[in-house]
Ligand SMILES: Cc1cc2nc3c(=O)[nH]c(=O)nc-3n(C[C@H](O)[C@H](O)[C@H](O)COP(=O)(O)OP(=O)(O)OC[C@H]3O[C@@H](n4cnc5c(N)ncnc54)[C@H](O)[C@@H]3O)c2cc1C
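Just one chain follows, in the form predicted alone, and it is written as structure tokens.
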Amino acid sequence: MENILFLAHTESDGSLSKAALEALGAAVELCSGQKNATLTVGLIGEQIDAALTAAGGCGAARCLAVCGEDFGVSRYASDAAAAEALLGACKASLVLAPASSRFCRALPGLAQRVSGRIDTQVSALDSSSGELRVQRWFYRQRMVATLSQSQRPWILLLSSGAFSPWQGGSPALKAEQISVELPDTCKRTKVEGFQAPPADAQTIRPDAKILFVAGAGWTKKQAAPENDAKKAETLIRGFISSAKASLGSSKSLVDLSAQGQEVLSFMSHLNQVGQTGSTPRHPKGLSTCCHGEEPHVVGWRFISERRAINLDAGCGWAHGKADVLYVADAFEVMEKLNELLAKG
């Protein structure tokens, strides 16, 4: 029998992030699938009212919270202390939490403090055999491992996009306040403020419905002789802004910038998708001027609907790797697509 603790930190407005709701959904499903398992909700944050409503109806036996101004920002010392207090209050054997940057930093320290074990970026849970087994990907999402652990407590940080989010219900949870007194040594790190790029300058949007990936073909001669890198920038930036899409890149394209060739000024290795880049989980993906071979396609394995634009009818996308392949000039297609988006 597992005593499961769902652990989450709230956002600045007291709500739960999409990743946190996904972790809660996984915790509820795991608890319902195990005999005599119990679920406790643990919240950390300055405000928690919205989170209590969002987690309503999850069937938790208890809801514990560490609240206050000291716990509203991301700080290793306060987050680790709050998580340790919540874990100690419910004596959980299993902790499920979102793999946010905040928890990826603090919860490994929690595992050390309580003599437990931790696995991060977990993408699947399975207890059908009576023993909990988890899955996670290695080597840039090219190898999947199935893991089990006898040591308790076992802390699992769940990868975003791999689980269905909890939809909420009623009644809202009622929290038991857990008091945590922080010494001054745990308050030395202070958050002075936040800096973020303007909304129209943001290109990486994990929650976007569409992933737009540009390949090195944007720098090559297409059907029209006037196509060039500056026009490519205008077309791509226009689509990303109008469709609120997330921007990805093949390795070959971002490498051109590293070699001193300024191709797309707003592109960096942070946008890289594929074998040596990220593996996003957007509902839809549009690949443009990528040849569609394995190093690129591996980054698309979790995209539900895949479409591609390429002048080469024999490229890798045509070999069953794309749901739809448009054999056309990407400049012409994107120009027309931007016109349609502008009309609303």
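Small disclaimer: the values here were computed from a predicted structure and weren't measured. A residue's number is simply how far along the shown sequence it sits, counting from 1. We call the rigid core whatever largest set of C-alpha positions still superposes within 1.5 Å between the two forms.
Keep in mind that the form predicted together with the named molecule is missing from the display, and what follows is about it.
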Item to complete: Give a yes or no for residue 293: in the predicted bound form, does one of its heavy atoms lie within 4.5 Å of a heavy atom belonging to the named molecule?
Response: yes
Discussion item. So in the predicted bound form, is the named molecule close enough to residue 216 to count as touching (4.5 Å, heavy atoms)?
Written reply: yes
Item to complete: Consider residue 98 of the chain shown here, and say whether it contacts the named molecule in the predicted bound form, taking contact as heavy atoms within 4.5 Å.
Response: no
Discussion item. Is residue 251 part of the interface with the named molecule in the predicted bound form - any heavy atom within 4.5 Å?
Written reply: yes
Practice prompt. Spot the stretch among 40-48, 59-67, 22-30, 310-318 with residues whose non-hydrogen atoms come within 4.5 Å of the named molecule in the predicted bound form.
Written response: 310-318
Discussion item. Is it the case in the predicted bound form that 273, 276 and 331 each bring at least one heavy atom within 4.5 Å of the named molecule?
Written reply: yes
Worksheet, complete the sentence: Answer key: of 303, 55, 289, 286, within 4.5 Å of the named molecule in the predicted bound form (heavy atoms) is 289
Worksheet item: Which listed residue (220, 244, 91, 174) meets the criterion of a heavy atom within 4.5 Å of the named molecule in the predicted bound form?
Response: 220
Response to the item:
Applying a 4.5 angstroms cut-off on non-hydrogen atoms, the residues of 1-18 near the named molecule in the predicted bound form are none
Worksheet item: Superposing on the rigid core, do we see a C-alpha displacement of 2 Å or more at residue 315 between the shown form and the other one?
Response: yes
Discussion item. When the rigid core is used for the superposition, does residue 293 move between the shown form and the other one (threshold: C-alpha shift of 2 Å or more)?
Written reply: yes
Fill in: C-alpha of residue 270 off by 2 Å or more between the shown form and the other one on rigid core
yes
